[in-house]
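The chain below stands alone and is given as structure tokens, in the form predicted alone.
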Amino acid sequence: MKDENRGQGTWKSIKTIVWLGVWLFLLGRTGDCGELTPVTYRLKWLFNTSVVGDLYADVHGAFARQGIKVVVKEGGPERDSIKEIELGYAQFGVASADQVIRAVAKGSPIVVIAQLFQVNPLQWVYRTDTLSFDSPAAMISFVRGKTLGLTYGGNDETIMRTLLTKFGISEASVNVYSVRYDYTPFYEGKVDLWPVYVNAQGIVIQNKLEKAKERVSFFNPDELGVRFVANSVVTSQKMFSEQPDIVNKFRKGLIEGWQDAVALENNEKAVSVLQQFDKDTPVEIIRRQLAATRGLIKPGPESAVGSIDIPAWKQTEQIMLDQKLISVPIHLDNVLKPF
């Protein structure tokens, strides 16, 4: 009897092992079918509030829900997303409109699939006790004789020169200060208007001066009709034409992430995401930066997150032609791919 029981137990053990093997095999097959397609996404900036939607899409599963695994790589001054796409190191990237236009003018095979910022975050901070104006047009006239901070070769130089030309203000009537990363000249009052990303350094400077009982505001070129497009999402023409399914999944997940990140009801979730990646910025500053970013991504209730502002792109191209930053038009119809 003991041998018979032992035999039955052995047979049960064998059946258990067999069924376990079949189950693991089937589970493995299911896992294979559910694998996420990997792609790499190179940002333009470091991890901060300006990339909150990109990070939110990854952390909260918007990409995964589309069936893709996105490796979100930090940007920075030494990173060139367009070059990485050309070399095959990344499938998607972030670049400003002037970078895109310059690259295409040189033959780069890239296309734009989304525009993240509907309002350019590059603006000028100024003290309201030293500058005052009743309208944006009055303000640009008021800059005569003032010291303007400009980054030579930067977008702010291009934008300010456009503004001066548009309003008939000669460059000889203003003083130009060459901007570096040190904000001390502005803090000390040596420079009247200092270029900043209004949702990033702008909030830090504003917070510091508020503690010193000084009030500041921001000069927005958009209010004067100069719309120079900032960060947009790019991919290669080859990727766009040969793998449209992956492109659409990426774009859909990205837009979902940005929509959720700037939604007021998700404010603390977005703050939490930023705290994971931007550990050096105090949470109260992050909250203010996020509020400023929200108005740049979705400036009005009817604004569509990620939509490509074609007239603004055309104006950006014309500005670059006028300042001889490119020699011929690049045929934007072939570059911009609205969804």
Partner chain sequence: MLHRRIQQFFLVYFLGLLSLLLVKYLLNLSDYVIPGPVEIWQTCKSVFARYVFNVLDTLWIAVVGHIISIILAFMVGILGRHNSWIGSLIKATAYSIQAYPIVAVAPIIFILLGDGLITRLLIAVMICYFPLLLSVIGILSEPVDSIEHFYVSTKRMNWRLQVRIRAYENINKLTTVIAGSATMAVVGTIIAEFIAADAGIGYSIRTALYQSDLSKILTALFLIGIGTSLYLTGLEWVGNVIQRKCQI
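Residue numbers count along the first chain shown, from 1. On a predicted model such as this, the values are computed, not experimentally measured, just so you know.
Another form, the form predicted in complex with its partner chain, is not on view; read the next lines as being about it.
In summary, among the residues 237, 243, 175, 151, the only one with a non-hydrogen atom within 4.5 Å of its partner chain in the predicted complex is 151. Of the residues 128, 141, 184, 170, just one reaches its partner chain in the predicted complex with a heavy atom at 4.5 Å or closer; this is 184. The candidate stretches are 245-253, 265-273, 101-109, 208-216, and the one lying within 4.5 Å of its partner chain in the predicted complex by heavy atoms is 101-109. In the predicted complex, none of the heavy atoms of residue 146 sits within 4.5 Å of a heavy atom of its partner chain.
In the predicted complex, none of the heavy atoms of residue 73 sits within 4.5 Å of a heavy atom of its partner chain. In the predicted complex, residue 83 approaches its partner chain with a heavy atom inside 4.5 Å. In the predicted complex, at least one heavy atom of residue 179 sits within 4.5 Å of its partner chain.
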